[in-house]
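Next up is one chain by itself, shown in structure tokens, the form predicted on its own.
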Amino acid sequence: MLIAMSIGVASVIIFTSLGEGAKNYVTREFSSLGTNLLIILPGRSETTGGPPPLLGQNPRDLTLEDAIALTKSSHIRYVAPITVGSAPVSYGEKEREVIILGSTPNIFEVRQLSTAQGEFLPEGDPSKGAAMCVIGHKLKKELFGNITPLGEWVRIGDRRFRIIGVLAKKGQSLGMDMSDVVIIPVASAQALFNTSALFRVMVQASGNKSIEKAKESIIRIIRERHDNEDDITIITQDALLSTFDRILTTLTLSIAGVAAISLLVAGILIMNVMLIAVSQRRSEIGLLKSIGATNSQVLGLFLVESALLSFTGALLGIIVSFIVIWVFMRMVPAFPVTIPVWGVSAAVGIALSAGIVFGIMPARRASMLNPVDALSRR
């Protein structure tokens, strides 16, 4: 009984803790992008009325001129156009294939980056490329070791760029390792990859209250530039977070509900064992009633036993779950597992409720025994 109850309680706590950890992980990942962000994607993410899964057509690419036009809005603080590609980066005899991120100096503020050495891309006309770059912390270690790379020239694809800065260690952010990238001016990236289209545009609103107005400004400006066509998709950071939060909360509750079924199974096990105990303890029950114990006292005795079994099993489950979570945190330190108070409370509450509810039938049967028949083992 104790093992069954402890497994049920431990399962509920472990699954709710993993669910809370997943929500915290997603929140942390999006927070590392920056604050008050809007992400502009080319094309409309909506169905066109045909057979699924057809998506809205993309009549026009996002261009650097579109991004520059957005800077006119008073509700927008920074605009960071982004071009992304992959190219070999070489220095001497060493070469690495890494992500090349083309943008403007505004990406420094939008993505909350920092430099460990040197400086970031300087201000200037974004339509004019320059042969300069900022490399990630990991790439610096692999190409230069302990040598200072500032002022050195590296070859990216078929072009040469001078290193002016090294990013501080930042780690993974939504699948992109910012320690293993090269950032170059957006115009240079477009020339390198022979494209005039932008991968996306990241916009930082002037404040939290300006996000909706910034979104309206973006729609209006792009519509004017794209012949009155609404051919972009705008994703706000808060909308992404709330969507992920709802999804993960639903998954957490669903999995915890499945785990809670094992608590009901444990409650049924307690009922069966207590029914057996009533038949085996008939003499004890008869003796208690013969010396004056009332039906309610015998009923309370068996209910307390059921509750104690449930509570003890719940305590064992809490201990087991804490040990499992501790081991998991040591094995996967990057995943922020959090033990929610509501998860522990719910698990213990369900365990006690199951023990008491399923203990009522055996307790009632014991209280209704006739003392003479019980002492005579009939």
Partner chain sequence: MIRLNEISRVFTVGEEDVHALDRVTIDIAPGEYLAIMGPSGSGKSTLLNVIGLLDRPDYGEYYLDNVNTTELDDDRQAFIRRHRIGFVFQFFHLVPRLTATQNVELPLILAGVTPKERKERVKKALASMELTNRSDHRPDQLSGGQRQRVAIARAIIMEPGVILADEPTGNLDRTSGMEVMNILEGLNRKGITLIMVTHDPGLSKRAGRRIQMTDGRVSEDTGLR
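In this text, rigid core is short for the largest set of C-alphas that superpose within 1.5 Å between two forms. Since this is a predicted model, take the numbers as computed values, not measurements. Positions refer to the first chain, counted from 1.
The form predicted in complex with its partner chain is left out here; the points below concern that form.
*Asks:* Counting non-hydrogen atoms within 4.5 angstroms of its partner chain in the model of the complex, say which of 138, 77, 200, 289 makes the cut.
*Replies:* Result of the distance check: 289.
*Asks:* Considering non-hydrogen atoms and a 4.5 Å limit, which listed residue (169, 281, 225, 159) is close to its partner chain in the model of the complex?
*Replies:* Contact residue from the list: 281.
*Asks:* Among 96 to 104, 260 to 268, 293 to 301, 143 to 151, which stretch has residues whose heavy atoms lie within 4.5 Å of its partner chain in the model of the complex?
*Replies:* Checking each option against the 4.5 Å cut-off leaves 293 to 301.
*Asks:* Would residue 375 show up as a contact with its partner chain in the model of the complex if we use heavy atoms at 4.5 Å?
*Replies:* Although its partner chain is absent here, residue 375 would touch it in the model of the complex, with heavy atoms inside 4.5 Å.
*Asks:* Test of understanding: in the model of the complex, would residue 370 fall inside 4.5 Å of its partner chain by heavy atoms?
*Replies:* Yes, contact at 4.5 Å.
*Asks:* Is the C-alpha displacement of residue 114 equal to or greater than 2 Å between the shown form and the other one once the rigid core has been superposed?
*Replies:* The answer is no, as the C-alpha of residue 114 shifts between the shown form and the other one by less than 2 Å after core alignment.
*Asks:* Quick one: once the rigid core is lined up, does residue 302 have its C-alpha move by 2 Å or more between the shown form and the other one?
*Replies:* Yes, residue 302 moves 2 Å or more.
*Asks:* Return yes or no for residue 195: a CA shift of at least 2 Å between the shown form and the other one, with the rigid core superposed?
*Replies:* Not so; residue 195 is displaced by less than 2 Å.
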